[in-house]
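One chain comes next, on its own, written as C-alpha cells: the form predicted on its own.
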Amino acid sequence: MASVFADFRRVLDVRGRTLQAIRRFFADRNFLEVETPVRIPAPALEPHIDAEPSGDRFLRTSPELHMKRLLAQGLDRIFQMGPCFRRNERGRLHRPEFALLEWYRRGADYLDMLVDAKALIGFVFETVLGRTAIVYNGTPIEVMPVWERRTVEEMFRAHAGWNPLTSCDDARFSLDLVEKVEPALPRDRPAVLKDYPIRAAALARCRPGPPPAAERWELYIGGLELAGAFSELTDHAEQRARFEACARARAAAGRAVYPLDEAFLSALEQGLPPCGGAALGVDRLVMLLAGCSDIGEARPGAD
C-alpha cells in the first residue's frame, strides 16, 4: 500500500510541476492566460468528434472557437489550460474528460507554432526532469534537438501505397494512418507529420498545390500523438461551407449534428487576422514525463 501511495504522490508531483512549467513558459513569452466557457451552445463541427450534452448546451470538446474570437477582438498571444470533454472516448490513450493546452498568436502560421512547440517541450522536460532524454515503454527517446519532419504524402506513398492528397477515401485514410503510417514514424525522437488532406483539417488554412494541402501538423513522441497545429482558416464563407458540409456528413453517418457557432462565424466575418493555433494533450505529456502506460495513471483520482 505504501508503494502505491508513493507512486500516486510521484505522478501528482510530476503533473503539478508540468503545469507550473507550462505557465512559466508562456508567461516568459508575454502570452496572456485566458479562460473561456466550458459549457457552450455550439461545439465545433468535426467529422469524428462527439460532444457531451449538458442540458440544453454541450461540454466543450476544445476551447478553439472561443479563443479565436478573442484574437478577433484584438488579443495577440493567448493560451489556456483546462478540461475538455469528448463523448464515448475511453481507452489507454483516451478519456471522456481530459486536460488540453491550447495557444494562439497573430501573425503566425503552423510552422511558427511548431517552433513554439519545440521550445515548450524542451523547456518542460528540462524544468520537470532536468534532462531531455527518457526511456518510455522500453524505448530510449531524446526529445531534443532533432525532430523528424515527414509529410502525409510521402509517408502514405511509402507505407500505404497511395496519396490521400489526390484521392478521396476518408475511411481508408483513417485506417491506414493508424495501422500503417503512425507505426512507421520514428520512436526514438519526436516525429512531425505535416500537410494533411484538406478534408482532414476543417479549421485549417490550405496551401495551393499541386496537390493542395491543409497547413496542419501532428507531433508524435514515443508513439503518442501529443500535439497538433493549424495555420488557422480566417475566411468566414469558406469556414461556414466546411461546417455545413461536415453537418451533412455527420447526419448521413447517423451522428449528432450540432448548431453552427454563429458568434464565431460572425467574428470571422468582422475580421480575424492571419494566425496560428496549437493544442497539446497535457495528460499525454504527463504520461511521458512520469512514465505512465495508461492515460488514467496520469490523472490520479480521475474517472
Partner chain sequence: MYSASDLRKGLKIEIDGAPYVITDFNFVKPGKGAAIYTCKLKNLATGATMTRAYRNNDKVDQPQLTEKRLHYSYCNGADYVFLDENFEEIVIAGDVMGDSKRFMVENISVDVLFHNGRPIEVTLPNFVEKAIVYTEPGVRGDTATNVLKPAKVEGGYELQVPLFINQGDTIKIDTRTGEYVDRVSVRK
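What you see is a predicted model, and the numbers here were worked out from it, not measured in a lab. Residue numbers count along the first chain shown, from 1.
One more form of this protein should be noted, the form predicted together with its partner chain, which is absent from this view; the next part is about it.
Across the proposed site, Glu46, Ala200 and Glu225 without exception bring a heavy atom within 4.5 Å of its partner chain in the predicted bound form. For Glu89, a non-hydrogen atom is located within 4.5 Å of its partner chain in the predicted bound form, even though that partner is not displayed.
Residue contact check for Asp109: none of its heavy atoms lie within 4.5 Å of its partner chain in the predicted bound form. Proximity of Glu64 to its partner chain in the predicted bound form falls within the 4.5 Å heavy atom cutoff.
Contact check for Lys194: no non-hydrogen atom falls within 4.5 Å of its partner chain in the predicted bound form. The chain is drawn here without its partner chain; in the predicted bound form, the stretch among 170-178, 112-120, 141-149, 71-79 whose residues come within 4.5 Å of it by any heavy atom is 170-178. Proximity to its partner chain in the predicted bound form, taken as a non-hydrogen atom within 4.5 angstroms, holds for one residue of Phe125, Phe156, Phe98, Phe230, which is Phe230.
Out of the listed residues Arg240, Arg57, Arg29, Arg255, Arg255 is the one that sits within 4.5 Å of its partner chain in the predicted bound form by at least one heavy atom.
For the stretch 206-223, the set of residues having any non-hydrogen atom within 4.5 angstroms of its partner chain in the predicted bound form comprises only Arg216.
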